[in-house]
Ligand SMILES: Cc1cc2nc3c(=O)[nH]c(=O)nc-3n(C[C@H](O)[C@H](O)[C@H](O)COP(=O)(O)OP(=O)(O)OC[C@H]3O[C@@H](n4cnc5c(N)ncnc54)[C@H](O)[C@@H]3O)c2cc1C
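Presented as structure tokens, the chain that follows is alone, the form predicted on its own.
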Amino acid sequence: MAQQTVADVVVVGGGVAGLCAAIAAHDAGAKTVLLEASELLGGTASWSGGAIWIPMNHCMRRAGRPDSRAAALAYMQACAQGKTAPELLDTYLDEGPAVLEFLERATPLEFEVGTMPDYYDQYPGAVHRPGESRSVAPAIFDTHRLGDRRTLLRRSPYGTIPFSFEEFSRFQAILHPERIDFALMKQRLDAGYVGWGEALSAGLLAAVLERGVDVRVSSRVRSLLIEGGVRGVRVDGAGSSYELAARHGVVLCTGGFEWDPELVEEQFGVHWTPSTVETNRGDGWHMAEQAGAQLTNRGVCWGWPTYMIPGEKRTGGLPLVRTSLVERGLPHSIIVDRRGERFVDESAPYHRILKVLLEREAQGFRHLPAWQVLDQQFLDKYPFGPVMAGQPAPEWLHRFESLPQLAAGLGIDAAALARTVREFNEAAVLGRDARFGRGESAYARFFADPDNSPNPSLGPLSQAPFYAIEVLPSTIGTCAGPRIDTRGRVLAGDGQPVPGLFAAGNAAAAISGPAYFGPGGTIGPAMVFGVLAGRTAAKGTPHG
């Protein structure tokens, strides 16, 4: 296995963290190589809404939306629950806005202020006033800027949305996808425009390619070259393996380990189908472990409640996982477990619902299996996944003519389900869910039906036929990994930096501890610490 090339900085992983690290390292003067295990770049962020959660950002200032460091810090501290290093929160607040402005200058991306509130509006310092947000999102992006390397961009299996968040909001498309300007949509798709996460990844990828960064796809890295510090990596390429030296350092941006069955079983004890790219196999975790890193935040993941439509596949033949992002908090619907009981505020942020789904008891998971139950009123008024309001019920929704039949068919306690539905219907009429407070948070109101009164999230479950679909826990990334310092340096067990090793994104322990700050709460830290790690690595002490 001959050593082929020498770089100043080697970035391992081509998601948003890795793309940002490569841009920053190059701009700091380093000869940079970017290695990606798959054939595509952009990571799971390409499948997302592309939101970026950064308090006090310039888009907020430009829109005249207030924020303060004190408020943002209080909110982040409450979310993190003391399970992260305070200096990481300080760094995020102090460096994040400048990093975002740097990326807007250094890439073709244009950012605009978001529309979604923070996820924990009960915490001090939360932004939850209607129409205000600490998130930004990319404007639409013309993929022709990538030239003949457009094929490197990872595309969303859910389809391209060639609109900005602001446009999507103006269409009121969350509840009314039929209001989208489909003529404009077709025009933009034909012209090669993308939006949301695809736009974010495309803009960062364009910046990397236009800098002439050495980008190598189908190049998986599973081990480090260590000699008095990290000196490079061993690369498994297409048909060959080689060693790549890094004079200044290696930046791990490989994503989490949700596709590593052994690590998942060890930390979560659950078998799931992740909602992420399948190359998130724990390579960064294992390399950090190899280097003697301090591994923290175990047993925490980002995730959400999902469902799967039989036969739906994504590229590569894996099942397509659909999130129940909007449907679960709309009127005329509840989520129950096999006991026939509601166990969570269905309108809560997805990350909080996942935590409840994964609660354990002696016999296994307390609330699994779980089912979303809805009635005909729901399907008459609202979309459900790919099914538009008023369309015939799809075969993949289990249909029953009565609630007792539904209970019998799904193995749910019938008496308890009847009681649960009766109590829920009474709450819907009153407009107040005394048990869980459904529909009362800013997040709930953002996705609910403003035309439904007296509570935008509550409506009786009363009109047959009734329908159900299984609610499945799924992850959008793990939060455990090597502990990093304020410059993205990986820390060893003694708290000192591992020479030559850096990490960002889900390859590092999440700076938010167990929480999810808000929309873009994964992407924001990945980008900020990707830039910081890239810059620091570029300026590191050269090896020999």
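All residue numbers are counted from 1 along the displayed sequence. Since this is a predicted model, take the numbers as computed values, not measurements.
What follows is about the form predicted together with the named molecule, which we do not show.
Shown alone here, Ile476 lies within 4.5 Å of the named molecule in the model of the complex, counting heavy atoms only. Taking non-hydrogen atoms only, Tyr242 never approaches the named molecule to within 4.5 angstroms in the model of the complex. Remark: Thr536 does not count among the residues lining the named molecule in the model of the complex, judged by a heavy atom distance of 4.5 Å or less.
When the named molecule is considered in the model of the complex, Arg220 lines it closely, a heavy atom lying within 4.5 Å. Taken together, the three residues Tyr120, Val421 and Gly439 all stay farther than 4.5 Å from the named molecule in the model of the complex, as judged by their closest heavy atom. Listed residues Gly488, Gly505, Gly481, Gly500 were compared with the named molecule in the model of the complex; Gly505 is the one with a heavy atom within 4.5 Å.
None of Ile161, Met76, Ile353, Val277 but one reaches within 4.5 angstroms of the named molecule in the model of the complex through a heavy atom, and that residue is Val277. Here the chain stands by itself, but in the model of the complex one stretch of 61-69, 25-33, 492-500, 48-56, 48-56, has heavy atoms within 4.5 Å of the named molecule. Residues of 232-261 that come within 4.5 Å of the named molecule in the model of the complex, judged by any heavy atom, are Cys253, Thr254, Gly255 in sequence order.
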